[in-house]
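One chain comes next, on its own, written out as structure tokens in the form predicted alone.
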């Protein structure tokens, strides 16, 4: 059984097939549907934050790679998603089209970017410490665990000053890596409730079809339907990504081959880490 995995936002503008004609067609659709070509840094991108452009690039790459795999006849039996990967995953499942996936990526990204105009937020990647002590560290410093990627790989989110304090405490508690990344908003935390109304209004403007390929969500590992997709698109912004649990659930469903459909190989690395602990 084959599972396509759709990763979230890439960390850099690298790894995209810039010279490929079919990728250029995806970025053209992005320009037409959002007003932004993520590969450009001029006028078309001037109204978008660095992170929104990265989010759009990630969706473009995922849409491109899913089309390439489909042309090769390498279709999935199941689809899984991680964070902002939900939008191209919906397109690959047949629930929405590519233009809609790009529009949703952009509009929700822009809504989150508005949070960053009020406060300075950051993400903290912590490796080498287990869940319970990190949850205590997060609580001590007023931040949240946003991604439970493996038993010892986590992403924290919150205000920058609090993230810096949490990472210092994590390092003192034995983490062998604690890295900070700037971000627009504390994605996958309760703090996103600040823009919940905006997100609800955005999602309400779209119609969703039942996925033609089972799409497994990253919170409770249920199969999404047309009826549950709208509420999930808000819920997933406010709650953590449980990739470790999701990967194990996919394995229990009989998946033997995982294909990462996007920029980079982060999910594939997480999977190998989880397998090494089994």
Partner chain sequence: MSDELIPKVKQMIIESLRIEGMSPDEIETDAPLFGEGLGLDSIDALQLVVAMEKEFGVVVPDAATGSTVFASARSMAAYIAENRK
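Just so we're clear, the structure is a prediction, and the values are computed from it rather than from any experiment. Positions refer to the first chain, counted from 1.
Keep in mind the form predicted together with the partner chain is missing from the figure; the text below concerns it.
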Only one of 74-82, 109-117, 155-163, 123-131 gets a heavy atom within 4.5 Å of the partner chain in the predicted bound form; which is it? 123-131
Does any heavy atom of residue 23 come within 4.5 Å of a heavy atom of the partner chain in the predicted bound form? no
Can residue 266 be called a contact residue for the partner chain in the predicted bound form at 4.5 Å between heavy atoms? yes
I'd like to know if residue 177 sits close to the partner chain in the predicted bound form, meaning any non-hydrogen atom pair within 4.5 angstroms. yes
